[in-house]
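What follows is a single chain, given as structure tokens, in the form predicted alone.
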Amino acid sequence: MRWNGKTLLWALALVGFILLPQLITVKYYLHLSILALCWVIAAQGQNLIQGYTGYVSIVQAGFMGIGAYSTALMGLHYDLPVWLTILLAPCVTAVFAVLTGYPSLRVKGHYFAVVTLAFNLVIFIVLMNWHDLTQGEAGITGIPKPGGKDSWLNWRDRGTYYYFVLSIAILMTGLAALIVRSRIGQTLIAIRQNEDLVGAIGIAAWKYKLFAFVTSAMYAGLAGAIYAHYQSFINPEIFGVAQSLDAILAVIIGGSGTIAGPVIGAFFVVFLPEYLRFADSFRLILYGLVLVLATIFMPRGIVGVAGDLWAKVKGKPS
């Protein structure tokens, strides 16, 4: 196999992720890393609809909530195995995505963003107020870990769960790369660049947009299910509009329309607020300022800046 620069970077990143639990001395950072990997999965889905198709969706956290509550309720109320509920959660999310995506994708640009924002608000309100099903603000507790009591792995150990989430994140990142390189992915990019032209040559753009939207939702549903079993507790607070904006920012900051971008961006949006805790009163202001400046001065994200620097290095005479 021929190793180019990009392949080598991916290999080094993979080795770094594998060794990370051994390098971390503060267990809280391992906890944050698990949360960041959950966001990697959600952000990869967000990138399909936002980065490659060109439609900004503000409902990703809402779909994470559907996935989280689906896996929890199926396990607690119907006593289904954890692995089965994790697999079914994205399917349940996909059903809601089809019902919401088909009408919302009839509009474009900012109108689509507003419609999806409204859907996220509806999901949040339902989760908050349907007490008989979701327990409202009190949330659902006792969500079981994968593996069960007889598992040979200790799923309560953060290191074990880290490698589980890492495996899923790698799998879903690879799947996103395959989608992007396929004919479907190339059509999505064409829609982002000139949707009218795509329609003019006889391609039903709405089918591809719906595919991207539903696939994005399934990514979010899977991330929400994994998060629910990790925390063993969920409530509507973490599935609001603010968290959907975090998914959007993860794509923008990391690099919209790139595979590596959501990986970098997810860790950025999880770790940065923690490092700003030293300025407790101004933490959110500083966080917002950093994100605004990064968006203005790095429109192609961290991956774009790194690519430009690498091109300059390669272009220098030896």
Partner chain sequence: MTTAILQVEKLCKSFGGVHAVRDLTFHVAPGEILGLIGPNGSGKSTTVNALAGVFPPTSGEILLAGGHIQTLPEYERVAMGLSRTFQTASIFPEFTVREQLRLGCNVTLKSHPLSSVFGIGRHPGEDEAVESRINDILELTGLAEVAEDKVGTITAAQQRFLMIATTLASEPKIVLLDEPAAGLVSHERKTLSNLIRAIRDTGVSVLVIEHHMALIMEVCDRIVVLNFGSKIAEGTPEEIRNDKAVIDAYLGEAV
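All values reported here derive from a predicted model rather than from experimental measurement. Residue numbers count along the first chain shown, from 1.
The discussion below concerns the form predicted in complex with the partner chain, not included here.
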Checklist entry - Which residue, L88, V95, L210, I203, has a heavy atom that falls within 4.5 Å of the partner chain in the model of the complex? => result I203
Checklist entry - Heavy atoms within 4.5 Å of the partner chain in the model of the complex: which stretch among 72 to 80, 176 to 184, 160 to 168, 222 to 230? => result 176 to 184
Next on the checklist: So in the model of the complex, is the partner chain close enough to G199 to count as touching (4.5 Å, heavy atoms)?
Outcome noted: yes
Next on the checklist: in the model of the complex, does N194 come within 4.5 Å of the partner chain, counting heavy atoms only?
Outcome noted: yes
Next on the checklist: How about V241 - does it come within 4.5 Å of the partner chain in the model of the complex, if we only consider non-hydrogen atoms?
Outcome noted: no
Checklist entry - Even though the partner chain is not shown here, does A190 get within 4.5 Å of it in the model of the complex, heavy atoms only? => result yes
